[in-house]
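One chain follows as structure tokens, the form predicted alone.
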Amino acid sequence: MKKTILMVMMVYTSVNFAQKIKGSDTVLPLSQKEAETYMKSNKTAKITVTGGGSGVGLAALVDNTTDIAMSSRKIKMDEKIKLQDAGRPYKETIIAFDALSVIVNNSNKVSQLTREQLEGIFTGKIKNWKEVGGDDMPMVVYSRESSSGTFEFFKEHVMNKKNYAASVLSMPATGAIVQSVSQTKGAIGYIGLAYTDKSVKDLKVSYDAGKTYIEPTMETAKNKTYPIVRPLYYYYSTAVEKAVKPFVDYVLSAEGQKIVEQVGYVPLSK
């Protein structure tokens, strides 16, 4: 009798495996839409998606409190070691690409900046908009908090690995940066392209010392002319690979990649 009950329970959990996806706020809206669409055609699937930042997601993977960690940066060495020490071999999958957009308040007359100017602004060397061709107005600089993969990526690829100034205001989520920049005249921040809307202004960026300035759009991200583009990742333990792979495969499928673009991210090139 006991064996029969055990077999029934095993069948039930494999069919109705409730997946948890956690991590990057950048990847959050994409994963939510993918999960929503996937569950419509897979009635037994149960997927919950929560944010918190790439570091939070990867820590949850180490603690075995999530099945998939969403990340907008590559896994760090110390995180790899923690997973290894926990006896949790993992898989890494790139699910899409994202353009990082630098945003300012709509009233700001500055429409373009070089990478060097951005470095100066976020390290605190440039403090007034008049220094970059704008009005005589103090800069209010917003960033994601340190647990964010976007924070790490921006520091490495835009700030040339320099440290953020102590005056930079850390925000807990991307949406909070959009809201703050939209309400503050001298504000500047950075967000994933999918989060941009008419309440803020996207800046053109130059990575060749001001020779060419490229606007962040789906087209420029796809053709790689926009310089701030990064991969977005799923990390999951091999112990749950069989259970999570159907969903991961769906995200990578033609249908899943169509959703990638619909939500505002850059699909994988086929």
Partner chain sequence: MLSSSITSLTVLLIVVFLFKEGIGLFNQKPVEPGYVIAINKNNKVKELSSVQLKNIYDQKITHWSEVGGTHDSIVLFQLEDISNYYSDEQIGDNMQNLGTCLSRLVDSLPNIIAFFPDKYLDKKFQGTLLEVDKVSLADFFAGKEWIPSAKPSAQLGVLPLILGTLWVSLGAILLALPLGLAAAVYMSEIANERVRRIMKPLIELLAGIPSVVYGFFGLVIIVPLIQKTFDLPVGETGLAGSIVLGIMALPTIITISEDAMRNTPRAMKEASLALGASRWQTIYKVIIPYSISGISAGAILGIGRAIGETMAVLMVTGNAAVIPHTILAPVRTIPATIAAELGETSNGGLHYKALFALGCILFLITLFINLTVEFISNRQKHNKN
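Note that the structure is a prediction, hence the values are computed from the model and not measured. Positions refer to the first chain, counted from 1.
Just so it is clear, the following notes concern the form predicted together with its partner chain, a form of the same protein that is not shown.
Considering its partner chain in the predicted complex, the lone stretch of 108 to 116, 148 to 156, 194 to 202, 94 to 102 in range is 148 to 156 [heavy atom distance within 4.5 Å]. A residue is said to contact a partner when one of its heavy atoms sits within 4.5 Å of a partner heavy atom; K161 meets this definition for its partner chain in the predicted complex. For the chain shown alone, G120 is not a contact residue for its partner chain in the predicted complex, no non-hydrogen atom being within 4.5 angstroms. Within this chain, V168 lines the site of its partner chain in the predicted complex, having a heavy atom no more than 4.5 Å away.
Looking at G87, you'd find every heavy atom of it more than 4.5 angstroms from its partner chain in the predicted complex. Using a 4.5 angstroms heavy atom cutoff to its partner chain in the predicted complex, all of I81, Y142 and K185 count as contacting.
In the predicted complex, its partner chain lies beyond 4.5 angstroms of every heavy atom of every residue of 33 to 67.
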